[in-house]
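In C-alpha cells, one chain follows: the form predicted alone.
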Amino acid sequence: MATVVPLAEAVGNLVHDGDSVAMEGFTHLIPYAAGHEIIRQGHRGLTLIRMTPDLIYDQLIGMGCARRLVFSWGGNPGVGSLHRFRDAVQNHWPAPLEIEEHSHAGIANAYVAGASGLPFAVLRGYRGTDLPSRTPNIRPITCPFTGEELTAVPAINPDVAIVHAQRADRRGNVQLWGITGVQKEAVLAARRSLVTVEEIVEELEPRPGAVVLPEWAITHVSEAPLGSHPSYSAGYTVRDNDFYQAWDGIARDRDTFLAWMDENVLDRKAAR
C-alpha cells in the first residue's frame, strides 16, 4: 500500500546503486524532480529505462549516474541531440554507457508483458530495421499456430518505476490524465514504484479519460509541485519551450553543463 512521504525520503528508500530504474512520461508528466533527487543522492551504476530519453536522462547520464540505457528514441524534442548522452557513448565521459535500443512498440509491449507477469512479449515489429542485428534481446519467434515469424522481446520488470501525475489522495491513489504514455504499465511492471504529484487532495474527483493508479500498486507518493518542469503537467503547468532550446547550448560543453547542474540541481536551495 502506498505511503505519502517527502521526495528525498522516497528516493532514498527506493533507489539503490545498480538498480534498473524506469522513469516514464510521454511529452508531459516527465518526472524531473525525482530525477534531480537521484542525482543529488549520488546514485551510480543505474540501468535507465525510458521510451523517449530526453533532457532528464541527459542530465542523469552526464552526472555519472548511468551504466546502461534501454530506450527506443533519444533526443532533445524539437531541438536536436542529447549531447551528454552522445558524449558518454562516443567518448565514455563521464563513464562508459551501454545501450540497448528498441522500437517504441517493443518497449511498450515489454512493459505490458512485465505488468502481466509474462516472460516476454510478442509483436509484429522490427522488420526492415537493423535493430535485431544490434540488440541481442530482440529475437525471432515462430507462431505455433500459424507458422508466422514474429518478434519477441523480454519483459521489462524494473527495480523501480518513477512517474509524475497531476494529483493523489492521502491514501496514495493517483490520478493522471492527458497523454498517459506507458506510466501505468511501468508502475505495474515494477518491483517498487514512486509517483510524484502536483498536489495531494482529500478526494479524487472523477475526470473523463483519466487513469487511476490504485494505492496497492504504488510504494511511495511524494508531493512535488512543478515536478515535471521543463515539461508540463496538463491542467497545471505549461511546457517551457525556451528551456529546451537553451539546454542545447548548456549541454554541449562539459564545464558549462557541470556548472549549470551544480547551481540548479546540486544546490538544494536552488532546487527548492
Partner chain sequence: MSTTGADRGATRAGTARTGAGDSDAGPAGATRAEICVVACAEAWRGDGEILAAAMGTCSILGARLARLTFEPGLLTTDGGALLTAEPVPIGAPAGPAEGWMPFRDHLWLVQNGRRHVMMGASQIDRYGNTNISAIGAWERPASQLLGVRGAPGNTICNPTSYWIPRHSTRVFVPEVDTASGVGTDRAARLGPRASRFHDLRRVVTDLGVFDFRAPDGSMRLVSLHPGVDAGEVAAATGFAIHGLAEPAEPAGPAEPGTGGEVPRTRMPTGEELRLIREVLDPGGLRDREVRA
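Take the two forms, superpose them, and find the largest set of C-alpha atoms that agree within 1.5 Å; that set is the rigid core. Numbering follows the first chain given and starts at 1. If you're wondering where the values come from, they're calculated on a predicted model, not measured in any experiment.
The following text describes the form predicted together with its partner chain, which does not appear among the structures shown.
Out of the listed residues R170, R191, H104, R139, H104 is the one that sits within 4.5 Å of its partner chain in the predicted bound form by at least one heavy atom. Checked against its partner chain in the predicted bound form, the residues A155, A152, V89, V201 give one hit for a heavy atom within 4.5 Å, which is V89.
When its partner chain is considered in the predicted bound form, T146 lines it closely, a heavy atom lying within 4.5 Å. A residue is said to contact a partner when one of its heavy atoms sits within 4.5 Å of a partner heavy atom; F120 fails this definition for its partner chain in the predicted bound form, lying far away. Heavy atoms of M51 reach within 4.5 Å of its partner chain in the predicted bound form, making it an interface residue. Taking non-hydrogen atoms only, A108 approaches its partner chain to within 4.5 angstroms in the predicted bound form.
Contact check for G74, D130 and E185: all three have a heavy atom within 4.5 Å of its partner chain in the predicted bound form. Shown here without its partner chain, the chain has I179, T180, G181, V182, E185 in 179 to 195 lying with a heavy atom within 4.5 Å of that partner in the predicted bound form.
Core-superposed comparison between this form and the one not shown: the C-alpha position of T129 differs by no less than 2 Å.
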